[in-house]
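Encoded as structure tokens, the following chain is the form predicted on its own, with no partner shown.
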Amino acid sequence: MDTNGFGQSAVAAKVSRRQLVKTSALTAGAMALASKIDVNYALAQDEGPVKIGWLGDRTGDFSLVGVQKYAAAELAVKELNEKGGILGREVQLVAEDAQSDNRRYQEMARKLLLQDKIDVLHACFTSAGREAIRPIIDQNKAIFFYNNQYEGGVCDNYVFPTGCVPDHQVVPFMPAVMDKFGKRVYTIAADYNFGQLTAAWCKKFVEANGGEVIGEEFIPLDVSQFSTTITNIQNAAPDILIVLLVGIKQSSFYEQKNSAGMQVPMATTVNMGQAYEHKRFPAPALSNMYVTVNFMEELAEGLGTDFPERVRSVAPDLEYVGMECAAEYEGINMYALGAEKAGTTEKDAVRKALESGISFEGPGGTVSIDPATHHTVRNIYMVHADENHNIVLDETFEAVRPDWLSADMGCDLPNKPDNTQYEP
């Protein structure tokens, strides 16, 4: 048989060449079609409304803060639309109530991402809620703004934590309150990752400033009776009580403490700023409570902002405008700036734009995204409640940076992908 030198007949070679030409033509056509589909998909992403997904606690144990965050989201979307939307497109708020339930957080996160096809997710109050949905975020490569105070340490390409972290709060206030009251410290904290890790941060800086943690208790979230804890604190007689309690049930501590006549000075990263305990409980239960915050409504006049009035224009019955309300508003506006800078709502493009150092003038001053960690550089205000529960501004810390995560842990998200929560 005549062959072409490769053990193949000449006839067979001609057939193969014809098949190759046919296959190549089909492949080129398929590639062209795929390219057209990709282009059309990209164009479709930049058509129709920009969908802002919101997932929080409008009901349940954490609703005192959740309703503030929702009102801030409503205000941000309303104001963006009044200014022409994002990229000239209407902004649509697609909201779900997680009801303070972590399983529902997971269900609703999947719904918002996969069914509602949102462009960005602004979600969660507790760290437990955040960690419940973060694997879903990473799996779907979605953009997630966690607009809330937390214990710090999250280094994740898809997560932008805009609230306060220990760099902002614990580092300034521990030496300040120890210099004022003494170095013997007792800590009570919510028994989950926020309370445990923030307590570890506090202990680190108590000891770094020559102090001692003489007692430490972690309280389950469903506990509302504190008689034993109050007795333990009174017996220990600390100079300072660090309080890291969250939720409606745990806030009953203050009324019980007041009834027991306990007046030890307190320090916190959350109380008063989040759930306005100084408004909800009779004086002097919160007297001498010190907190470092990004915003509280009592600071508005001094900061020259009408933010509380604007929030109440969309939520007239809102009882308080606190630190997480401000963070939620800032987070949504920073996403809008990122999309405008990217010129698209395509997620990778927006993420890269956000990593370029977006800044926004928020209720508490200028807020910028730190490219390496996705956390914020922001002003921090140390305040305390006096014996009548009036809020007194003690000190302002300007443009405080979240440097621990990058300097000590090596978080550098634009150059080194990661999805870890680091611990002190």
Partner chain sequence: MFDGLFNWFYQFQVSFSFLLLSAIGLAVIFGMMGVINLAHGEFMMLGAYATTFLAVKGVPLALAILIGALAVGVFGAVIEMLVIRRLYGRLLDSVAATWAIGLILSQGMLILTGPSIQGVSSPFGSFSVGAISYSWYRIVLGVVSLLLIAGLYILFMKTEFGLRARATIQNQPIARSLGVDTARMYTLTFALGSALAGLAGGLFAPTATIVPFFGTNYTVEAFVTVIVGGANALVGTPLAAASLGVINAALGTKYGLYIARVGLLLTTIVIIRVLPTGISGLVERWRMRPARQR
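Residue numbers count along the first chain shown, from 1. As the structure is a prediction and not an experimental result, all values here were calculated from the model.
One more form of this protein exists, namely the form predicted together with the partner chain; it is left out here, but the text below deals with it.
Heavy atoms of Asn333 never reach within 4.5 Å of the partner chain in the model of the complex, leaving it off the interface. Shown alone here, Glu74 lies farther than 4.5 Å from the partner chain in the model of the complex, counting heavy atoms only. Contact check for Gly60: a non-hydrogen atom falls within 4.5 Å of the partner chain in the model of the complex. Among residues of the shown chain, Pro220 is one whose heavy atoms approach the partner chain to within 4.5 Å in the model of the complex. Of the residues Glu346, Glu255, Glu79, Asp239, just one reaches the partner chain in the model of the complex with a heavy atom at 4.5 Å or closer; this is Glu255. For the options Phe307, Trp201, Phe226, Tyr290, the residue carrying a heavy atom within 4.5 angstroms of the partner chain in the model of the complex is Phe226. Here the chain stands alone, but in the model of the complex its contact with the partner chain, taken as any heavy atom within 4.5 Å, falls in 212-220 among 212-220, 161-169, 338-346, 298-306.
Annotation for 232-266: interface residues with the partner chain in the model of the complex are Asn232, Gln234, Asn235, Ile248, Lys249, Ser251, Ser252, Glu255, Gln256, Ser259, Ala260, Gly261, Met262 [heavy atom within 4.5 Å].
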